[in-house]
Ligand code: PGA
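First comes one chain, alone, set out as structure tokens in the form predicted on its own.
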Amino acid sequence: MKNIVVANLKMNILSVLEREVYLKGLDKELIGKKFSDTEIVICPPFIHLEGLGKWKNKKISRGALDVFWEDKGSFTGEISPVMLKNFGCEYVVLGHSERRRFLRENDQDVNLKIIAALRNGISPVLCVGEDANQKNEGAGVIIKQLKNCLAGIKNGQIENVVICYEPVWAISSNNPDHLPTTNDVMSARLIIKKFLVGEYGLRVSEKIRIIYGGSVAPNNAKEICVDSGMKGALVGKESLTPRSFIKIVEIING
């Protein structure tokens, strides 16, 4: 099972020119490099998916930052999983704390989106984690989110879901006092793994990638992603700088 490093470009890259400069930067950083143990995924705003589809780089998979739970219909402003699939998306980030915070997205919304993504052959990257007010009850928060978001997901489907532990208090935009330690992240991984074993069995749980997201940078990727036993990372701000992003990939690839 390969590691996976996902770039969450968020609401950035504001023009075609900016996108082309960014993609050229990635091409340059990837020259002569092979990551046999790590899959790389770029998740841009929807408006850039067609441009990424025309990009010739085959070392990087495509993903999206959200999806709606219906395949087609009168849902103004939404993007369907069929659209994403037709534009080459293999992954979609769901349940991110920013969508929960600013758009009031809840676990039930995320569950519907996971079901829709899987139905259309797209792998969800499900984000779960506690905010600053929930730190003392972190395990309970994580388990509740997992139960709700994965409701109805069967053994034959769960292997295609990536679980991202995203301690909301550690995200750079929240100005964290400190980042999680290796032990903090390892503890969260064990909580998630225990839940998955209980719901799906040990054999199936071994096939599910658990990754970390929250202020990942080249200077901390080894401590919080590798030493903690995670299978990769969801990278925010640092993914906007190709050199930093590929350096994180190198560290996780080992």
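In case it trips you up, residue 1 is the first one in the sequence shown, and so on. Source: prediction; values computed, not measured.
What comes next is about the form predicted together with the ligand, which is not displayed.
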E130 within 4.5 Å of the ligand in the predicted bound form, heavy atoms: no
At the 4.5 Å heavy atom threshold, is L234 in contact with the ligand in the predicted bound form? yes
Considering non-hydrogen atoms and a 4.5 Å limit, does the ligand approach T38 in the predicted bound form? no
Within 4.5 Å, heavy atoms only: does G63 come near the ligand in the predicted bound form? no
Note: exactly one of I122, A170, V162, C149 sits with a heavy atom within 4.5 Å of the ligand in the predicted bound form, namely A170
Answer yes or no: in the predicted bound form, does the ligand come within 4.5 Å of a heavy atom in every one of H96, E166 and V216? yes
Among 79-87, 96-104, 154-162, 139-147, mark the stretch whose residues have heavy atoms within 4.5 Å of the ligand in the predicted bound form. 96-104
If you look in the predicted bound form, which residues in 5-19 sit within 4.5 Å of the ligand (heavy atoms)? N8, K10
